[in-house]
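Before any questions on how it binds or moves, here is one chain, the form predicted alone, in structure tokens.
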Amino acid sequence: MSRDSTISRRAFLRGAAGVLAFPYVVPSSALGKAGTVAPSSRIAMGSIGVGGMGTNNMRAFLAQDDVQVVAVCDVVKASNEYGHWYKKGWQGAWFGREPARKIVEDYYANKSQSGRYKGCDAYNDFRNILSRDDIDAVCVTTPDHWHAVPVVMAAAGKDIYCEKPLSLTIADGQAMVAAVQRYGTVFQTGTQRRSSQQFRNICELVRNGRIGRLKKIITSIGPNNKEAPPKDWRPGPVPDWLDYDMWLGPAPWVPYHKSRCLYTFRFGLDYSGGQTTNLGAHWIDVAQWANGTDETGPIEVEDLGGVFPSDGLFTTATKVHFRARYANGVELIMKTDPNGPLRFEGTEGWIQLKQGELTSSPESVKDSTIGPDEIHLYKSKDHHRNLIDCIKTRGRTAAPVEVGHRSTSICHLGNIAMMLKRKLRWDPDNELFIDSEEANRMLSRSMRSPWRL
């Protein structure tokens, strides 16, 4: 579907599309401002969620000469309490909408002849960005429970980059896929390994039979990298820099605690699937790519000893271990093992990546060249750049919404199997469990009013 064939964005926001209802409270000043429209040769972008990873994504789009970041949004005004992220050294760094606006305006000021620039708006409410006709695309880097609502809303008129894991539930992912397909939206899931030559090469070797017929895939993820608060934790006052009600959004209302928000949202099941979805979304995505199952899933998933806390503020799995089985007989295992490999085993050998080192048996497999008449997978060198190029051509990105949904779905299936402590049969075509209403009830969650899909 072409973008010209979609309904108007304002009609959609009024609920005419019947996809999403929400409180329509957007100041008139947000409906387009003189001086903020990007030149016609540039793609005007708004960043929704500018914490640590959101700021990284925003900087990546700033670096594109044919993109102009014109607005940022976050429920955090400014905070240096994001803490540590294991590779970035965020301890003490400031994030939020005001630091993000300063980054944008300083960047453009440094590139201007005058050395001055004031052209980036900062909002608390993402709907202010979505209601602007001068914005072409959005980057959504919010906690997982805040992916589906803005994506479904944005799809009516804006192209989208959305961080992984794509969804909080399988039903959320289905709604995102439906909206993107309905409006012909160009969409990129933030599974950046799809734009890595190394991972593309591994998948091409597997897909072209260098290890024979694929039999088993092993994916390894790290443990929780933050310590849980004491089990007798007590609520605290909401800081003045945080709109806590908006942060919770569609999630259940609960008292504030600092370890519930910012980076550590990752360890609460109301907001995330834990490291199963956080780290697992990357590795499962590569497994899907190598297995040639990008737009389908397994037929069975089984708990192999996953562990969840019995009480306390952190509720996601502290130990992940599950197995999925595909119709083609391939077995996929995910487990908590910080030093474990990404490993592909076949009938004639294996290939694995462990701590950055690629090894194989036979050894010749890892150095094999893919011939011109063999399977060549989608080639992208830069994930953010790939989105921009595809917006211009209306082409398919390296990690479209359908692919992101299916990869994330397997992580959700693993969590459900580990919670129920059993083996479950799955219908990947209809995306339903077979003969388990208990499991099917876990495919979706109710949303706190007034938010709904």
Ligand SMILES: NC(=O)c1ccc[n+]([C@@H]2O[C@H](COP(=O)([O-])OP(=O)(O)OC[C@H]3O[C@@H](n4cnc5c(N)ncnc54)[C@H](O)[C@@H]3O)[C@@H](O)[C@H]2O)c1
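Since the model is a prediction, treat every value here as computed from it, not as a measurement. From 1 onward, residues are counted along the sequence shown.
Heads up, the form predicted together with the ligand isn't pictured, but that's what we're talking about next.
Given that the ligand is not shown alongside this chain, does I370 nevertheless sit within 4.5 Å of it in the predicted complex, heavy atom to heavy atom?
No - in the predicted complex, heavy atoms of I370 and the ligand never come within 4.5 Å of each other.
Is K158 one of the residues lying within 4.5 Å of the ligand in the predicted complex, judged by heavy atom distances?
No - in the predicted complex, heavy atoms of K158 and the ligand never come within 4.5 Å of each other.
Can you tell me whether A179 touches the ligand? I mean in the predicted complex, with a 4.5 angstroms heavy atom cut-off.
Looking in the predicted complex, residue contacts with the ligand do not include A179, since no heavy atom lies within 4.5 Å.
I'd like to know if L262 sits close to the ligand in the predicted complex, meaning any non-hydrogen atom pair within 4.5 angstroms.
Answer yes; at least one heavy atom of L262 falls within 4.5 Å of the ligand in the predicted complex.
Select, from the options 240 to 248, 288 to 296, 342 to 350, 302 to 310, the stretch whose residues sit within 4.5 angstroms of the ligand in the predicted complex by heavy atom distance.
Of the stretches listed, the one contacting the partner is 240 to 248.
For the spot marked by M53, T141 and K164, is every residue within 4.5 Å of the ligand in the predicted complex through some heavy atom?
The answer is yes: all three residues contact the partner (heavy atom, 4.5 Å cut-off).
Which residue, A154, A148, V206, V76, is the contact with the ligand in the predicted complex, using a 4.5 Å heavy atom cutoff?
Filtering the options by heavy-atom distance leaves V76.
Quick check on this chain: which one of T169, T336, N278, S360 has a heavy atom within 4.5 Å of the ligand in the predicted complex?
Only one option qualifies, and that one is N278.
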